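A lone chain, given as structure tokens: the form predicted alone.
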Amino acid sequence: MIFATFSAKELPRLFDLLAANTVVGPVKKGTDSAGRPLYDFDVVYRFQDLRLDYPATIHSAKRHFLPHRESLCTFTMQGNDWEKQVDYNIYKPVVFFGLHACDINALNKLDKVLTAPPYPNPYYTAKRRNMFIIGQDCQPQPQCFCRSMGTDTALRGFDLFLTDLGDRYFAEILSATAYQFLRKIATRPPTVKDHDRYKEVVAERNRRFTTTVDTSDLTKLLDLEFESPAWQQWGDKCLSCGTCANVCPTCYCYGVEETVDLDLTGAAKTKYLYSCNLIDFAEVAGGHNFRPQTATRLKYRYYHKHRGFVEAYEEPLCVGCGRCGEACLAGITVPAVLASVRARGA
């Protein structure tokens, strides 16, 4: 990894250099009922529209590489001949400007499932290979527990990572592409003073984390407490609305819908994201539902995040961003659920 520093005045110039591509970054979308600003990731055309001081976004950037609905292929019929058309839905590189470490780590986790054998997803992989990612240090919020999940820092999965030192940025350069872009703006090697200031900023950020989750022996605990009454107690509160999966940066469950034109001249296959909390998630042909109870569906979501994924990839799927708890209409949060399972009750 190579390090550099540059003046804060150079950041707009870097944005302009990258803006030949589609740029996605944090923007203000409105305010909540208390008048606090709400942020989300969207396409940005001007540097002044970027809100790099954002505390957190409502959604992750997932909809830009795992869209809610995506056409997988279409078919056309002419007489007895038919033709299949496949489009990976990526037309030019996308620059993600200002991702926090938790969202970068979410991408790293998705990569393990969606770009690796045995079943790589070509639609996701095509988008992933056309990404340029600029990360930025976060401002820890009360709902964040990413330190507990080991995702408060990013060591890979980005091209450039920025830490705001006040009047300048400390840059971690991880790709040759990022290096070439930085050559076009005024940069310099970091000095001892820059190193000291960087460590001060990181230490101050770390002191601001307040929410923790005890992850010690968590997979064993979940095996032991599979029948814990806590699951039923939380299930009684859950609305089975799927909001948690909608805002989660690592939920990737999906369904496929096939449609055929009434005149039999065309057909389409469409993928749509789904949630394991929805009542028909485990319903199969014939109407049988393997998980008809809300508590069971909620429990298996937690087991996938904190048990099954760990067994497969030696790390949890959850990145501790806290979005699910903030969005949950029933007030269900990951720290509260896991703490109650340890205590055998909510």
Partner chain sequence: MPGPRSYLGVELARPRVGVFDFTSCEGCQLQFVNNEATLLDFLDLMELVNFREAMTEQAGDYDIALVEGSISRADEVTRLEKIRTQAKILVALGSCACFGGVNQLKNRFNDLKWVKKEVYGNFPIATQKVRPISDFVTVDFMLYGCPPRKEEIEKVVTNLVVGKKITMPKYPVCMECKANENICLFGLGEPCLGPITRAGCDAWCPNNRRGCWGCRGPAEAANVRELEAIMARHGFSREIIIDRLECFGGFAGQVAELRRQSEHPRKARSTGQA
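Residue numbers count along the first chain shown, from 1. Just so it is clear, the model here is predicted, and its values are computed rather than measured.
A second form of this protein, the form predicted together with the partner chain, is not displayed here; the remarks below concern that form.
- Among the residues C73, V202, C241, A116, the one placing a heavy atom within 4.5 Å of the partner chain in the model of the complex is C241.
- Here is the short version: of D196, D87, E258, D214, the single residue with a heavy atom within 4.5 Å of the partner chain in the model of the complex is E258.
- For the three residues D167, I173 and L218, a heavy atom within 4.5 Å of the partner chain turns up in the model of the complex in no case.
- Taking the partner from elsewhere, L52 is found to have every heavy atom lying beyond 4.5 Å of the partner chain in the model of the complex.
- Of the heavy atoms in H59, some are within 4.5 Å of the partner chain in the model of the complex.
- Under a 4.5 angstroms non-hydrogen atom cutoff, the partner chain in the model of the complex lacks E311 among its neighbouring residues.
- In the model of the complex, the partner chain lies farther than 4.5 Å from every heavy atom of S228.
- Only one listed stretch (148-156, 76-84, 175-183, 118-126) carries heavy atoms within 4.5 Å of the partner chain in the model of the complex, and that stretch is 76-84.
- Contact annotation for 286-314: residues with any non-hydrogen atom within 4.5 angstroms of the partner chain in the model of the complex are T294, R297, listed in sequence order.
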